[in-house]
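Starting off, we have a lone chain in the form predicted alone, written out as structure tokens.
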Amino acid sequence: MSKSKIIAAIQKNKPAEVLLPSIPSFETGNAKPFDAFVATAEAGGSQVFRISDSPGLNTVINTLFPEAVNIASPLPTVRSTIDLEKIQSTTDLESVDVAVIKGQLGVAENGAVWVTEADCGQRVLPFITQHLIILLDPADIVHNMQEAYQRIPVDATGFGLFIAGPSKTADIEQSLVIGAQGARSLTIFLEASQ
């Protein structure tokens, strides 16, 4: 059978279009999602801190990770020792001790933070670093994933994901291992926007 006959047969047997169902609103009440986000993120292995100013961020980073030599961040307020714009290969980032990126949205029900490649400077950065820090504005925390997907422009970037806690697995000898395939720790700094 020729290609044109196959395509014609497919077009002839094409089912009628069906509209997608509307998504319910999943009402969450008037409670603020902040406390739920903090509790869920900490239960997932993250550390959550509230900071008041970006210049103080470098002091906090040095206090939390005093052994860190290589710090990478696309954020101008972070004293980065690695210039992400000069990276030629992702292997150039294998020695990153601490990476600091900005998160766009937090989700209270699972403690996850939405980040895109634009937030990372280098797509691999949140995965190759030993310790990951995400800055998040508390005003950008929503109750659940339904609210999150209503706010995320998923087609605005080539890559985006939710990060929920440090890397972990429980399939190795049936015990929880933190930092198994990625960052060994996730620290979320809740910082009000200026």
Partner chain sequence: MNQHAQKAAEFIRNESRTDWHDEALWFIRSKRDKAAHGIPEWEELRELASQVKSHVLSKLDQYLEQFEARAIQNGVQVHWAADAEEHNRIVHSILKRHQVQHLVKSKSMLTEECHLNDYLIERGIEVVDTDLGERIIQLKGEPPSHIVMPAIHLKKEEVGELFHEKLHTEKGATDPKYLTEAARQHLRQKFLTAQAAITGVNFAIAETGGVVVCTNEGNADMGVHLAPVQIHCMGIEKIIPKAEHLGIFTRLLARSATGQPITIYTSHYHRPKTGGAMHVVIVDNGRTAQLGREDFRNSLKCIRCGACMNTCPIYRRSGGHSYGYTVPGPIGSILTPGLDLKKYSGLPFASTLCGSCSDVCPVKINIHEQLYRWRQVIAEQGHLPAAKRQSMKWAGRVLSRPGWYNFFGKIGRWAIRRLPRPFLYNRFNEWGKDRELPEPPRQSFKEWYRENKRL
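Everything numeric in this text was worked out from a predicted model, so none of it was measured. For clarity, a rigid core is taken as the largest C-alpha set superposing within 1.5 Å between two forms. Numbering follows the first chain given and starts at 1.
The next section is about a form of this same protein that is not shown, the form predicted together with the partner chain.
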Worksheet item: Do D155 and the partner chain come within 4.5 Å of each other in the model of the complex, heavy atoms counted?
Response: yes
Worksheet item: Does at least one non-hydrogen atom of I51 fall within 4.5 angstroms of the partner chain in the model of the complex?
Response: no
Worksheet entry | Proximity of N110 to the partner chain in the model of the complex, heavy atoms at 4.5 Å | yes
Worksheet item: Would Q146 sit within 4.5 Å of the partner chain in the model of the complex, counting heavy atoms only?
Response: yes
Worksheet item: Using a 4.5 Å cut-off on heavy atoms, which residues of 1 to 17 contact the partner chain in the model of the complex?
Response: S2, K3, K5, I6, I7, A9, I10, Q11, N13, K14, P15, A16, E17
Practice prompt. Classify I178 as shifted (yes) or not shifted (no) between the shown form and the other one, where shifted means its C-alpha moves by 2 Å or more with the rigid core superposed.
Written response: no
